[in-house]
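Quick setup: one chain, the form predicted on its own, written in structure tokens, and binding and motion questions come after.
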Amino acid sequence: MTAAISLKPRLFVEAPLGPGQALELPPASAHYLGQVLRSPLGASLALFNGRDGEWAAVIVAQARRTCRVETRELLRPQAPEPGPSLLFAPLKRTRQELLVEKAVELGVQALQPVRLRRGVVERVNPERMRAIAIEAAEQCGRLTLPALADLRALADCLPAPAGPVLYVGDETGGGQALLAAFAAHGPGDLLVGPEGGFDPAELELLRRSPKVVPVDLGPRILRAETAAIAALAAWQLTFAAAG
């Protein structure tokens, strides 16, 4: 099989994918190919949809605002891409977009915004989050998109007794060293607090859950997005590399 990385560009589509299939690209993708990249008729690209693997395709017809492509061969079959869920307090736009982009690159399975008392943002933009996630998945070569959940209260995000542990970045210094916690408890999900840190009542709620593991991310004060990126990178190096 041809290596997927050799084909540029790489685009996410919603449509089913299979051999010899013709499909009309969404307007944004058509504009990107035709007006930004100036891809000519017959140019190669790769397509994925999170379900049917990654396919080589070629441009078979195009106009100013439309582009039709046809699949040629399967480059990579669909395969599991295990990763943690990332729970986070909504951030200001630029910082949240960075968090979403890097979380996707680092293999996050789901993104769960959480309403926390000291959070500085009270809502999220699901459409923008999805657009950032798609761009990151196209760039980094993953075959899936993470699930994007609606904003929820902290009490509704506590781990189930039979579910994975939830590692919580504890800025008070009361947590285990992150890598030691990973070694002791195995794969789990991650929660990072808001820019102002967790409220004491929230920390108490979390510590009462038997499936919550407070962790220490090091001696420095980290921004929320930096803490998330650091924790996800450590998760990938510990569990994805081992798998």
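Source: prediction; values computed, not measured. Counting begins at 1, following the sequence as shown.
Beyond the structure shown, there is the form predicted in complex with a small molecule, which is absent from this document and is the topic of what follows.
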| query | finding |
| --- | --- |
| In the predicted complex, P27 touching the small molecule (heavy atom, 4.5 Å) | no |
| Partner proximity in the predicted complex: I221 to the small molecule, non-hydrogen atom cutoff 4.5 Å | yes |
| E171, heavy atom within 4.5 angstroms of the small molecule in the predicted complex | yes |
| In the predicted complex, A227 touching the small molecule (heavy atom, 4.5 Å) | yes |
| Heavy atom contact within 4.5 Å of the small molecule in the predicted complex, the stretch among 64-72, 28-36, 189-197, 47-55 | 189-197 |
| Of V212, L217, A181, I59, the one that lies within 4.5 Å of the small molecule in the predicted complex (heavy atoms) | L217 |
